[in-house]
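Before any questions on binding or motion, here is one chain by itself as structure tokens, the form predicted on its own.
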């Protein structure tokens, strides 16, 4: 029996044209449909950017090609027991070779924009030193292909795949990594900003810090003390700030800089004034170690008091860099965190979710569509943000192909319809959300979950690399075509 990697290697022999099948008749509807007066459209603002998102290690594959160096996820996923079924991103979606096929999928959807990440170890195999021209060439080809298809590229400069060479020198426990990141960010921005106008510094600092250095579930698999973890957290936000400065110093004039963070999406447990006020307070305090210090250039008094002797060590210069002004905020929004008013000194209390709370296939993905209303609304209010993007939102499902060659992921369609209804509520009230990036374009390597959970709106047969649009892809195509939700 062929093992998975061997089967995947054979997939590259398939012609690109054969990778995207014709749609089943039941799904091959025209882009525009007549809508009954009984089904009014929820229209989004003119120019609203509908997009999708991926990340380098999750889709690219080509782990050892064209000079790419190993990342911590290469190391971590190859250690027995770290991922489901021992899955790795060695091949993943083979996007490195099939990016033209994937751009064709994007164009068929009508995407206005696409969020991708650059692989640090593909551009700098050792994290620092001499850049790898073949690594940058791939992103040049990708960006040029997107623009030729009429799709705006949005670039994330770090999506968790730290070069292993830097981990060997301390990784995010070392301040030097923050400075190495800034050099890398400035280099990429210098070479892509003639065509890429939006850069995000880091993706989900909370995730790669807490899961990678806190509970060891993600790469590099460490379980640090609270004090050491707080210092890693500080080095991550410092890297963001130094990265902002490096991008501004090296990019073309007019380049916009932001980040993509999975903030704690505080939601009032009941929409009454006292609980709404509590949710505003909680937005600052529950995100104090990440977005709050970035937006305000200081740690809150409550955050430092809660950490006590374990608080991070920092300098005024650190805070000045961390608080470097940014042009937009990206919010990765999946689950709500309910908040109630409280007489406690903090002025709020978090409400734990019961075991019966509904969720998608991933146990952590609790479904609360109102998060996509309250998270951007409260964040905009608390920090006076003028430009917000939902840089991730999506759902995992147990997708399977039916005999007619389709994937009827009605659960994901339900999820998207409900969440987008709440997003419409926000933008109709003037919340400055300028675009939405659905996670994800493709089924891909989902970190420690390997290939067990599928988030894509295109089904990927990982043995053949054949892509099949799911029902959710056809749903999303109609949303984009109408710029509205029915």
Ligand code: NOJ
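Since the model is a prediction, treat every value here as computed from it, not as a measurement. Residue numbers count along the first chain shown, from 1.
Below, we refer to the form predicted together with the named molecule, which is not included among the displayed structures.
A single residue from the set 50, 44, 439, 451 has any heavy atom within 4.5 angstroms of the named molecule in the predicted complex; that residue is 439.
Residue in contact with the named molecule in the predicted complex (any heavy atom within 4.5 Å), chosen from 334, 114, 290, 208: 334. Contact with the named molecule, judged by heavy atoms within 4.5 Å in the predicted complex, is confined among 313-321, 98-106, 403-411, 153-161 to 153-161.
When contacts are judged by a 4.5 Å heavy atom cut-off, residue 392 counts as touching the named molecule in the predicted complex. For residue 455, a non-hydrogen atom is located within 4.5 Å of the named molecule in the predicted complex, even though that partner is not displayed. Remark: residue 57 does not count among the residues lining the named molecule in the predicted complex, judged by a heavy atom distance of 4.5 Å or less. Although the partner is absent from this view, residue 419 stays clear of the named molecule in the predicted complex, with no non-hydrogen atom inside 4.5 angstroms. Scanning 413-452 for heavy atoms within 4.5 Å of the named molecule in the predicted complex gives 439, 446, 447 in sequence order.
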